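Encoded as structure tokens, the following chain is the form predicted alone, with no partner shown.
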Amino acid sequence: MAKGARTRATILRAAVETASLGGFVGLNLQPLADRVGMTKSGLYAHFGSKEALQLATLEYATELFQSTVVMPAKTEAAGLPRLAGIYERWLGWPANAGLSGQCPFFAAVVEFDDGEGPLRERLTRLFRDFRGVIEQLAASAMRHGHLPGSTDVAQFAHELLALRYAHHWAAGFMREPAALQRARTGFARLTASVDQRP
């Protein structure tokens, strides 16, 4: 990897860590430059603007999410086991990716839900794409007899997203010790009608 690419990766890693702790709005060039030992002008040369930095950080976070949460599913059994694996890794993905804070995507949702612009548009596409993944996994679970044939996969995905957002709130903002267990209980209830036959 060329020096410029290594420097950019170092900056983006620090930026994702910063966003996981303080959100994207607080992702400013000078504090980030100080954190990685650069001048503000040196960091600016890599991105050109705060918005470009935010977008690049979002893309880097997406790569981390894919490698931490989604890609391991390829080795899991199809149907409910794969869906359950995705959900379990999704619950713990920031820490498993080496981030100190909470999910930067949910932090960004709170910051940009009422706004407009490229970051909100990209974030919306990311959530729509991942919701589509969940729907595909639920449909696969139906085909394997792990979920009832009458399951509304769009509603299932909606409720699963709601469970994960509730965990973000309970674990991050409320700091509830039982947050993780409640998130797991919610998943168990959502899939309670699973056919347990081998």
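Just so it is clear, the structure is predicted and the values come from calculations on it, not from any experiment. Start at 1 and count along the sequence shown; that's the residue number.
Not on display, but discussed next: the form predicted together with the DNA.
With a 4.5 Å cutoff on heavy atoms, His46 counts as touching the DNA in the predicted complex. Interface membership of Gly172, defined by any non-hydrogen atom within 4.5 Å of the DNA in the predicted complex, is ruled out.
In the predicted complex, no heavy atom of Gln155 sits within 4.5 Å of the DNA. Interface membership of Leu27, defined by any non-hydrogen atom within 4.5 Å of the DNA in the predicted complex, is confirmed. Stretch 29-37 is the contacting one of 143-151, 65-73, 29-37, 160-168, since its residues have non-hydrogen atoms within 4.5 Å of the DNA in the predicted complex.
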